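Here you get one chain, nothing else, as structure tokens; it is the form predicted on its own.
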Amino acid sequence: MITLETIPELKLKLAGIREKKLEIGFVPTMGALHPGHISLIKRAKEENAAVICSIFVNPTQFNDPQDLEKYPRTPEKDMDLLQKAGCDLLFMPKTEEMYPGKDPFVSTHKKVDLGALAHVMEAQQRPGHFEGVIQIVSKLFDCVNPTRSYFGQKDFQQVAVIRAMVKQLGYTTAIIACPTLREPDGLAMSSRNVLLTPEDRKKAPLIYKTLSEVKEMALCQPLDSLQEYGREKLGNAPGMKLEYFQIADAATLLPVKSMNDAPSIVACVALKLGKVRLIDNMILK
């Protein structure tokens, strides 16, 4: 595996790959890698001749400075995992490489009309977050120009935002959403899980348990009552502070009232467990 830190080095290396007309798979990450990330690398290996992973903790998508400061960083472990997974190129830029000569928080992102995606769930709870995601992912796509790009389904709304960005800005990369990997007790794998206290870690599986119950009940109960069930179950759980539990159209993320309202329906949740923010989702239909 070759590790690169600058955009010119990256583009030069990728030019050699393109000369051979090889397909490139791309997995953008913020590091603190876990088996969920590695599953994306392995999927990319299956479908492309060359695989590149980026590790960059992007400051512009954090609306809470403390969240940015405490975000886990494990570069040596990450590099070892990527090497073992067969990653070909690792791009690890510094902040000044991605935002040269500018304050990263100065708005330099490309304009994308997100429609309803800009007003629901994560967008409501984390103002400016998706502007930061668009800012960095578009910069990375400009550098890499991948054939396919791989993201985890756990970040359901983020994948929808990136699909909208790709369509509006004319990128040719195919966006591949891969299933969420879970711990044996159901907790969605996340870099933030290591920040949970042992006591809070024991409480965390209630998120998956509640989503699973809602999915099962969706076959025979109204969605309004299921949404209320999810909100009460997680909103009243000790140590949990619910931000949202929303059943929505999987394409637009707008609320739905019936299983007949959309071809695909998803239940999405975000909450604080102790000091750690966790998100998850489950396709109901």
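Keep in mind it's a predicted model, so treat the numbers as computed, not measured. All residue numbers refer to positions in the sequence shown, first residue = 1.
The protein also exists as the form predicted in complex with a small molecule; that form is not presented, and the subsequent description refers to it.
The stretch in contact with the small molecule in the predicted complex, judged by heavy atoms within 4.5 Å, is 29 to 37, chosen from 254 to 262, 232 to 240, 29 to 37, 218 to 226.
Put simply, residue 75 is far from the small molecule in the predicted complex: not one heavy atom of it is within 4.5 Å. In the predicted complex, at least one heavy atom of residue 151 sits within 4.5 Å of a heavy atom of the small molecule. Although the partner is absent here, residue 166 sits far enough away that none of its heavy atoms falls within 4.5 Å of the small molecule in the predicted complex. The closest heavy atom approach of residue 181 to the small molecule in the predicted complex falls within 4.5 Å. Proximity to the small molecule in the predicted complex, defined as a heavy atom within 4.5 Å, singles out one entry of 210, 138, 147, 158, which is 158. The contact residue chosen from 118, 194, 189, 92 relative to the small molecule in the predicted complex is 189, the criterion being a non-hydrogen atom within 4.5 angstroms.
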